[in-house]
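Next up is one chain by itself, shown in structure tokens, the form predicted on its own.
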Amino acid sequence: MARVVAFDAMSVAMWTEGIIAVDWGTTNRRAYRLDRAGSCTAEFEDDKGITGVPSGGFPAAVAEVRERLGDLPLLMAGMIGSNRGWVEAPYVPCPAGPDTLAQRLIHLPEQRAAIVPGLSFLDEHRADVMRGEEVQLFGAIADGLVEPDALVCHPGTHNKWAELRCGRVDRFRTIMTGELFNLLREGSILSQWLGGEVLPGEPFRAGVRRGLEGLAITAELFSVRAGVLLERQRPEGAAAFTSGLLIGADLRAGLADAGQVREVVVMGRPELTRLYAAALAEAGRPAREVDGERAFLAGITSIVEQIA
């Protein structure tokens, strides 16, 4: 098993030849080969998230990344550092900035690799954690994509609402919208109607409006089935309506503490950010989309710059 030590200046030299950056999530893995200037020269994506790696299989999964992108040092973020991943990287409590992440890297010298820690939030009412999104948040600030003070919505399997203050993550909230939709699509009584494409058209917007009303989401979900059976809703619109319903409820929770705001930055994959931007428009909130991949690479680059 790899020896785990805190990062120190003795390991700086290993980053000077270029690196492989890996955004290793729960269900997906995205890896990028970066040259010394931080430019991406090759990449791949697959479905080998941490849940797709068998027990004891992380050394082989890491070796596969190098086989595909080259024998370079690895800087990894996301669920690879969770208690279900390869080596656990303890959470950094909020408020936190990119300097804290760089100082708290977990370094595996024998593996020529390091893992970025996630962030945690804790107050008297709730507890929350994130892994991977913090790299994108700080990268977006470093690249001028997001202001140091901003409200960021990061849709994904577990959507994050993050409040940034002075370039640091002050607090955040997680909402399991993406995972819930996938569970409904794969194994619920609604699954026969949820296989269709979700586009930000009228069925989606109608679902958003319903979700924003704040009614019990469990009751509203069953009404999707009843609406189709009683011909009040067209079956081909059920997936978009259900997605809108969940995202509308998500927005209601995420915006609850935001006040009558400034712009909401929606950051992530374009197919998801466009849905959230459309939902925010339905809620009367201005939104701007930011590409999550660009933010991730900028975040990795900024971490390397701080430790090199």
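Note that the structure is predicted; figures quoted are calculated from it, not measured. All residue numbers refer to positions in the sequence shown, first residue = 1.
What follows is about the form predicted in complex with another copy of the chain, which we do not show.
For another copy of the chain in the predicted complex, the listed stretch (148-156, 227-235, 69-77, 98-106) containing residues with heavy atoms inside 4.5 Å is 227-235. Another copy of the chain in the predicted complex is not approached by Arg262, whose heavy atoms all lie more than 4.5 angstroms from it. Interface membership of Val198, defined by any non-hydrogen atom within 4.5 Å of another copy of the chain in the predicted complex, is ruled out. Taking non-hydrogen atoms only, Leu215 approaches another copy of the chain to within 4.5 angstroms in the predicted complex.
Another copy of the chain in the predicted complex is approached by Arg210, whose closest heavy atom lies within 4.5 angstroms of it. Leu184 is the sole member of Cys94, Val87, Leu184, Leu164 with a non-hydrogen atom lying within 4.5 angstroms of another copy of the chain in the predicted complex.
Within 4.5 Å of another copy of the chain in the predicted complex, a heavy atom is found for not a single one of Val65, Val116 and Arg294. For the stretch 110-130, the set of residues having any non-hydrogen atom within 4.5 angstroms of another copy of the chain in the predicted complex comprises Ser120, Phe121, Leu122, Asp123, Glu124, His125, Arg126, Ala127, Asp128, Val129, in sequence order.
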